[in-house]
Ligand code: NAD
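Okay, so here's just one chain, in structure tokens, the form predicted on its own.
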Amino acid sequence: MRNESIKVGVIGVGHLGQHHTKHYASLQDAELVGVFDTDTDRAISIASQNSTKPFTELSSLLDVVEAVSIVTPTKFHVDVAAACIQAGKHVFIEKPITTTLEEADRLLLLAKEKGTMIQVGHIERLNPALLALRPFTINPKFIEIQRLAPYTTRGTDVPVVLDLMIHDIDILLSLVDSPVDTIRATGLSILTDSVDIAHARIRFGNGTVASIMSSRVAKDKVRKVKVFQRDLYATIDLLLGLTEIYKVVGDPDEDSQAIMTAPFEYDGSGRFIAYHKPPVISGDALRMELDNFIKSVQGKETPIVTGKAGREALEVAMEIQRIIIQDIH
């Protein structure tokens, strides 16, 4: 375990990369050494705003850092990350980890050989509304997730499955402790040449079933997760930051944390539904994610989403995309 700050850099300072830069500049355990972008003027501007140095060569940045955030378009992830890992650097890669499983496997193998860490930026794991579930025992039998968004040009270089749905695939895999058994999927191209709306039905080895819907052709933003299990129903609004839990209990006194209880009768016995509205503690999820990355490099914490977990989410996403494309053609 190390206490001294970690020398870190940011590769790619576009829309999201600028926020990585801003957070590293203020994290106590990080020393922001510099940024690199193929757009030199952009790199100079973002570096200036954060009192750090712009680099015109990636290799020059890698000479002076211990860890980097890779916030480039996905198609560049594998080559950039491989160069960083080859140089012995720990890497934080924005989701999805790569464009193919072969690329992900290449990075995981290289990181193992070099003894470096890969963390993947599945930021929704740190959504405060999702974190509010932690005090409850979650053993879902059915999960329904919706992620809808109005059309924007950003992100349309990849199918909606890899742009939006992969967030929910990662959430799903974190909630269900069982391997994926079967996947059914359908989707359509509406506004672009890529898949713009997708639905998947996933069955896990333990019998849990999930229904996931993602669309970038919607009037309003929707990000909702519903979890159903024996004696518990949870509804989570990731956008509004609202989590509500409904539990079945035999006696209201056994659930002192409930806001209210209501009696109901089934099959001749009386029980109670306990309503919970756990506190949703707001915070900057990206800042928390990057702080976890730095502390993981120091050995103080473990990565929230490992390279292996990022690869697993990609594997499910790629299979959903494959099924949809096969169905379309």
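Residue positions are given as counts along the sequence shown, with the first one as 1. These figures come from a predicted structure and were not determined experimentally.
There is also a form predicted together with the ligand; it is not shown, and the following applies to it.
S.K.: Do all of G17, T38 and P73 end up near the ligand in the model of the complex, with near meaning a heavy atom within 4.5 Å?
M.R.: Yes.
S.K.: With heavy atoms only and a cut-off of 4.5 Å, decide whether G12 touches the ligand in the model of the complex.
M.R.: So G12 counts as contacting the ligand.
S.K.: Considering only heavy atoms, tell me if K95 and the ligand come within 4.5 Å of each other in the model of the complex.
M.R.: Yes.
S.K.: Should R42 be counted as a contact of the ligand in the model of the complex, where contact means heavy atoms within 4.5 Å?
M.R.: R42 belongs to the contact set for the ligand.
S.K.: Decide whether L110 counts as a contact residue for the ligand in the model of the complex under a heavy atom distance cut-off of 4.5 Å.
M.R.: No.
S.K.: Which residue among I123, A83, V180, L232 has a heavy atom within 4.5 angstroms of the ligand in the model of the complex?
M.R.: In short, I123.
S.K.: Within 4.5 Å of the ligand in the model of the complex, counting heavy atoms only, one of 30-38, 267-275, 290-298, 47-55 shows up; tell me which.
M.R.: So the stretch in question is 30-38.
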